[in-house]
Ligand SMILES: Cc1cc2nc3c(=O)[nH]c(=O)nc-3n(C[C@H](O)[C@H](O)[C@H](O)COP(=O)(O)OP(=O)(O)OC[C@H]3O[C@@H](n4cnc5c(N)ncnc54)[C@H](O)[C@@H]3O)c2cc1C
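As a starting point, one isolated chain is supplied in structure tokens, in the form predicted alone.
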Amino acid sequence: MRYVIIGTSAAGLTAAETVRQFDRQGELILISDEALRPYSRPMLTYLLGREAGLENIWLRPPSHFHKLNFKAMLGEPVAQVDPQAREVYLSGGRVVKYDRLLIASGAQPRMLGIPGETLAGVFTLRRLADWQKLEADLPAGATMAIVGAGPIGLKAAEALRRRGHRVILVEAEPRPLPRLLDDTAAKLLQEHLHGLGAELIVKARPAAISGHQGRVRSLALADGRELEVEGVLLAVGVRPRLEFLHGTPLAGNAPLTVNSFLQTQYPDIFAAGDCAEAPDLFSGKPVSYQIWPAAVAQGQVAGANMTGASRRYSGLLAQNSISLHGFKIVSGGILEPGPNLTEVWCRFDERQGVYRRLVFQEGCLVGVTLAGEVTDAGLYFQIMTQKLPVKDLPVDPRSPDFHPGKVWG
């Protein structure tokens, strides 16, 4: 059996290791357009803030591929996949045949499509090469505009402030982390950002980036304001990297929709991670959440099923966590009230700066937001993942006595 995996990040690496648990002899080929062994993308903001060194980002030692008998084709982009011929064509001309294929090619940063995006001083932060470009091209003490106040934008803001840069966060929505927080939690976050010395502009859309002698000079907003900056970091989300599917029946399906076994419409082609759209834990509908734990979980299922294990992916419980200089936020599950949601419960301790927001549906906890104090986050997620009815718990999640000892003790 020949297994081919496109992508060596969380989903691809986990899938390859899982294949080896089931099949020690099959040929296993890993393809990546990066000429690097697997590394942690979440660590890039820690590199940027100089809280970690390059030695801290590698997921596995250099000998790992050899130890598990992986054949690595690193630094070789995929040009095309032919599902009928069961072949992968590399940009350098090589052709790789497969019996089972996993597409775990991940995602790439979205661009705004505005004038000036090709100027020197415009950055993204998705790959190690992006960090290297920042290190090489960012002037010391430069004023930076970060477009997008999502998790990457916020962590990048913290990192740049740590390095002494003036930072202006530009967010199109009315609040930071707009998909994760309500107004109360967002206000706590905004106060913390202010304490960090980061400026936040909401309800603002970039219109153009202007330059002088090829370098960024300012960021113009749609409302007419112009921010004098020396660099712009775009953190406005990602899109799947699936260009190599052009001309196939899988083209135009981005992210790739998979069944509960993580198979595409071709039973011998699987997909996992940021380029895939897998069933949601609660609704069962296809969803795509670009988070590391989901990529790892999907890689485990896809890797097992490539060998014929027939494991079902139980679904994704969306979850995010972020820590900014001691201020922590955790959110997960269903966050926006819908027609079947019976209650949204909130408690805000202004003196302590602690906020809890719980969402209930048909007697079960289905969503949680914690800001300022996140100690019991794992307990909430266990209850949601197991779909435990509140009436069967020894302590109600809304109770001040709610903690692990009371629930599991």
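Don't overthink the numbering: it's just position in the shown sequence, from 1. This structure is a prediction, so every number in the text was calculated from the model and none was measured.
Quick note: we don't show the form predicted together with this ligand, though the next part is all about it.
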Of the candidate stretches 97-105, 204-212, 328-336, 131-139, the one with residues having heavy atoms within 4.5 Å of this ligand in the model of the complex is 97-105
Close approach of residue 53 to this ligand in the model of the complex, 4.5 Å, heavy atom: no
Taking this ligand as it sits in the model of the complex, is residue 273 in contact with it (heavy atom to heavy atom, 4.5 Å or less)? yes
Given that the partner is absent here, does residue 282 sit within 4.5 Å of this ligand in the model of the complex, heavy atoms only? no
4.5 angstroms heavy atom contact with this ligand in the model of the complex for residue 16: no
Of the options 220, 119, 112, 291, which one has a non-hydrogen atom that comes within 4.5 Å of this ligand in the model of the complex? 291
Of these, 191, 268, 82, 243, which has a heavy atom no more than 4.5 Å from this ligand in the model of the complex? 243
Listed by sequence position, which residues of 3-42 have a non-hydrogen atom within 4.5 angstroms of this ligand in the model of the complex? 6, 7, 8, 9, 10, 11, 12, 31, 32, 33, 34, 41, 42
